[in-house]
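For reference, the chain that follows is the form predicted on its own, supplied as structure tokens.
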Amino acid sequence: MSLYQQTYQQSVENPETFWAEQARRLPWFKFPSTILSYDDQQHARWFDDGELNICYAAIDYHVEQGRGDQPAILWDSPVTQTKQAITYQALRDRVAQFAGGLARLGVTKGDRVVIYMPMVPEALIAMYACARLGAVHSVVFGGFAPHELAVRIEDAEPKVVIAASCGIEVDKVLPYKPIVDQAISLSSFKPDACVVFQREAHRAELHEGDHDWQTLVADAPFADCVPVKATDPLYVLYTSGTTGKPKGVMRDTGGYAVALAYSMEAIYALNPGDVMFTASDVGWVVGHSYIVYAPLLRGCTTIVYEGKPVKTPDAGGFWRLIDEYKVKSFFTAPTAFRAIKKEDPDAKLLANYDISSLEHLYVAGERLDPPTFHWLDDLLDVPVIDHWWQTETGWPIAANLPGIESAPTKAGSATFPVPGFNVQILDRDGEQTDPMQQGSVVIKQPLPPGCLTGIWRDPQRFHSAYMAAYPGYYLTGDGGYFDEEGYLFIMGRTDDVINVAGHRLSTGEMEEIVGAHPAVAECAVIGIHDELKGQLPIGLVITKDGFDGDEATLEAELISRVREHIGPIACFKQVLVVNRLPKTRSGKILRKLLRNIADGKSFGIPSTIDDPTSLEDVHAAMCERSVGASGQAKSLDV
């Protein structure tokens, strides 16, 4: 057996022994005597009687261990042309003092606090201050519309809302306080107070019940770390639900801390003092796990980047950061690299920087399409690691694991299941599939530490959404397969499999073929309703900057490619060139929404959408070519 196989086998056959060993690496106030237990619905609970505080484990403990002068946070903000380094000692003091300010406002253990902030250090300070007090934070992506923020306030019932006065984009300043005020007015639940961090680009007008951040902390006492049970919630993070009502994914404290600390060593191969750059946002699970908590639990330095992959100022921004801060591990979404590839197809800007410090590149958030993988693999002299996980799991389900044993990479594969995740592929009857046979990707109970422990205020929804379809298994909602060597291939959401005249076909496979064309920067393939064949695939493509070819010729070439690789059975006969594709702010293409538009079905615009006007681009292209039922519509109300 390889070292990976030994480790994985131990984790699934003796999970209590395996995770007890990992738990001993953290500074507990009370080490748990019960490692694994189950609730009434047989959902796993980890370290039930243990006590700790994740703020202590991530910050105070490192100060006590002599790392106080090491940078904990490196803030780099090209939109404000500002940089700041915050040591572990300074971070401990700022967090403790802000926690003291929150305590003066009445925040205590178990209370909820909603945080509505851009990518500034104060966002992390606010999150850690809540954790220090044992309060439950719920971070909402800065810039979300008032209605969506109101829904989250109403569900979380926070005692305090913490907001910045504004967010700063490449070409605009977005005032946050009017959004917060409107959201509170829309919500039937009213917080006791609102704390505002004033930014010079736009200072907010404060009203009754509002508190200026600096004034609040000016004479606030330092708050101590409050011991909490390992099973107490650390945060609630809202993710889109199929019903339109967002799901409040609830994360525990102890299991999450143990899982993240383990992942930093096993997956990201980082040691104390190393620098990790995760290009995401604290509003997403990636930001929670690998900007805020995991790097500091490991004693690393984390980069907080208030910028974009492109246009801040150019497509070389990521390379500059790696060079300047000697980044060892870099993590971002495939969509970020597709944006870079679109603007700088030959990566000429990379020549301006020395990225020799970089040892591993990680991508997640959506499937890493093979064309983007090959572009990166050819460009960089480091392993390109596609790893797969979800908001619900909180950390990777499958990955290449250089911290244990590196494996050869395969384009389109997330490599192997991470220790702790007993991943299986089941058919419709709940039977395990053979290698190379696609099915529903599930995880056998018990889920490892770090995964969601429920849906906030809706335990039944947790069970029905994730556990009911295959009793004893967690339903990921993704389809995929294992190959003969045990490599896991995730082919996209199970509803991205289309049925063409009785043949089940993967739109992910078609996207691989379309995306490999040298003129295509990004693409999506969706199945639309057809009276004769049930569904037909249609391609939506964005061309690379500088493309000056004929769109009809490009369409013919793409159709020919799909026909050659899959065959005429795919019935791939139409491609639309569009300027933009509708995505979430984390970069996922909203394929279900595209299908509903094409089929003329009613739909709600999800709160996670980055640019609602992108729907109009796609709809106009569909109307022009008379695609599906949308071709009969004259307008689209977004």
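All residue numbers are counted from 1 along the displayed sequence. Keep in mind the model is a prediction, meaning the values are calculated, not measured.
What follows is about the form predicted together with adenosine monophosphate, which we do not show.
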With a 4.5 Å heavy atom cut-off to adenosine monophosphate in the model of the complex, the contacting stretch among 319-327, 364-372, 422-430, 221-229 is 364-372
Answer key: of T312, S440, T239, S187, within 4.5 Å of adenosine monophosphate in the model of the complex (heavy atoms) is T239
Residue within 4.5 Å of adenosine monophosphate in the model of the complex by heavy atom, from H360, R94, H517, H387, is H387
Quick one: does K159 come within 4.5 Å of adenosine monophosphate in the model of the complex, counting heavy atoms only?
no
Should N499 be classed as touching adenosine monophosphate in the model of the complex when contacts are defined as heavy atoms within 4.5 Å?
yes
| query | With the partner left out of view, is Q198 within 4.5 angstroms of adenosine monophosphate in the model of the complex by any non-hydrogen atom? | reply | no
Check: Closest heavy atom of T302 to adenosine monophosphate in the model of the complex, within 4.5 Å or not?
Finding: no
Checked in the model of the complex: CA of Q535 to CA of S413 differs by 3 Å or more, atoms lying closer
